[in-house]
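Below you will find one chain, with nothing else, as C-alpha cells; this is the form predicted alone, and questions on how it binds or moves follow later.
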Amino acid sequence: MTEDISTADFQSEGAVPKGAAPKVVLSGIRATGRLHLGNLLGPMRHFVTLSRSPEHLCYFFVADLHSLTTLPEPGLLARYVPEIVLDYLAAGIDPNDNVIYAQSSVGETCELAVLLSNLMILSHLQRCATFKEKARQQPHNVNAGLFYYPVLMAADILGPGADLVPVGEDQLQHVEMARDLARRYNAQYGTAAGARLVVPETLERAAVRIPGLDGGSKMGKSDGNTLNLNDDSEVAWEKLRVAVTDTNRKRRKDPGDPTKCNIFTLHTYLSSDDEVREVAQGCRSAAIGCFDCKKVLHANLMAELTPFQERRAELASQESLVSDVLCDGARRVRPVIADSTARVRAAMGIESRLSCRTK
C-alpha cells in the first residue's frame, strides 16, 4: 500500500478513553463480485488500520444474504464469498485479532431481524434512498429483500453490539435507521434487566471516491468501470488504454484540464507528488498526451497491485484456510449475536415458548 491511514482520520466520537474496553467496530461487504481498486484504496485501508488498533474489536462479515437481493446466480455467490475473504486477508486483516465471518453462518441474525421488524416504521422503509435506487436499476427484480434490507442490516449491527460502524455516504441512511430502531426498541422494551441494545455511532471519515474508468463519478462493480484487484498487468493496461479522459481534449496537441479527468484523479491516489505535478502540468500544456499519462499510472497501479496479488496467491495456496477462518469467525461471533437475540426475545415476550422447540 502506498500510505498508512491514521485513526486521526476518523471522527473523535470514536476515540476510546485510555483504559476503557475496546469499541466494537462492525462492517460488512456484499458478495457480488471480486473487489476492485476503489474497495482497496477506500474502505479496506481503513479497515486494516482499525483492525490493528488495540482500541477496537473488529467484526468483518461477508454479507451473502444481502447479496441475494441482486445476485440470483448461486454458483457466483458461492465463489465470491471465499474470494472476498482472501482479499481481506491479503489486504492485511489478521483473523487472529479480528473476527471474519459469513453473514449466513449466524442464523440468529435473521431471527433478530424478524423481531426488530415489528418496530420498523413502514414509511421509513418506503423513503429509503437505496431501495429507490436499486428498484430503478433492476425494475424487473424489485424484491422484498431490497425493501427489507435496512431491517436485516440493523440486525447485522445490533446483534454484535456494534459501537461504531464505518460507512460511506451511501450507507449513512441505513445506519441511522438502525440507530432509530435501537432507540425505539430501548424505549419500549429496554427497562428489563440486560435488555437494552447498544445505539451505534457512525465512524465517518473524509470521503474516498475512486472514479470509474468510464468517466463516471465512482468506480463500482455494477457499472463495469473497475480496475479489479486480480487484474494482471496486461488486463489492467487494456482497461486503462480505453479509459475516458478529459472529453474536451480531442487531439494530442490540445491542452487538457486535469480536474475534469478521472485518470488524473487516480494519479492522486497512486502516483508520487512529483509525478502528480508533472502529469498536471504536462496535461495543461499539452506536453504529454493521454497515452503517456496512462502509462505512468499503469506502472504505479501495478506497483500497488502486484504485492497484493502475490500475498493473495500465497494465501490461496493454503488449503482450507478460508473455511477455517470463516468457521472460527462464526464460532466467535455467534454467541454474541445469540445472546443479543435471546435478550430481545425475552424482552418481547417470546422466551417462554422456546422450550417447545426441542420437544
Ligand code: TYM
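The first residue of the shown sequence is 1; numbering continues from there. Under this definition, the rigid core comprises the largest set of C-alpha atoms superposing within 1.5 Å between the forms. Computed from a prediction, not measured in an experiment: that's the story for all the values here.
Keep in mind the form predicted together with this ligand is missing from the figure; the text below concerns it.
**Asked** Any chance Pro160, Val199 and Ala338 all have a heavy atom within 4.5 Å of this ligand in the model of the complex?
**Response** Zero of three within 4.5 Å in the model of the complex.
**Option touching this ligand, based on a heavy atom within 4.5 Å in the model of the complex, out of Lys294, His56, Arg45, Arg30** = If I apply the 4.5 Å criterion carefully, the residue I get is Arg30.
**Item:** Contact assignment for this ligand in the model of the complex, among Val114, Met120, Val167, Ala135, heavy atom within 4.5 Å
**Value:** None of the others qualify; the residue that does is Val167.
**Asked** Which among 259-267, 136-144, 214-222, 188-196 is in contact with this ligand in the model of the complex, heavy atoms within 4.5 angstroms?
**Response** Answer to the contact question: 214-222.
**Request:** Using the partner position in the model of the complex, report whether Asn39 sits within 4.5 Å of this ligand, counting heavy atoms only.
**Result:** Residue-level check for Asn39: yes, a contact with this ligand.
**Asked** Is Arg312 close enough to touch this ligand in the model of the complex, meaning at least one heavy atom pair within 4.5 Å?
**Response** Outside the cut-off, so no.
**Request:** Decide whether His124 counts as a contact residue for this ligand in the model of the complex under a heavy atom distance cut-off of 4.5 Å.
**Result:** Looking in the model of the complex, residue contacts with this ligand do not include His124, since no heavy atom lies within 4.5 Å.
**Message:** I'd like to check something about Cys290: if you look in the model of the complex, is any of its heavy atoms closer than or equal to 4.5 Å to a heavy atom of this ligand?
**Reply:** The answer is no: Cys290 has no heavy atom within 4.5 Å of this ligand.
**Request:** Using the arrangement in the model of the complex, list in sequence order the residues of 42-72 with any heavy atom within 4.5 angstroms of this ligand.
**Result:** In sequence order, Gly42, Pro43, Phe61, Ala63, His66 come within 4.5 Å of the partner.
**Message:** I want to check Gln188: does it shift between this form and the one not shown by 2 Å or more at the Cα, with the core superposed?
**Reply:** Comparing the forms between this form and the one not shown, which are aligned on their rigid core, Gln188 does not shift its C-alpha by 2 Å or more.
**Asked** Has the Cα of Leu37 moved 2 Å or more between this form and the one not shown, judged after a core fit?
**Response** Yes, Leu37 moves 2 Å or more.
**Prompt:** Rigid core fitted, is the C-alpha displacement of Glu176 between this form and the one not shown 2 Å or more?
**Reply:** For Glu176, whose C-alpha is compared between this form and the one not shown after core superposition, the shift is less than 2 Å.
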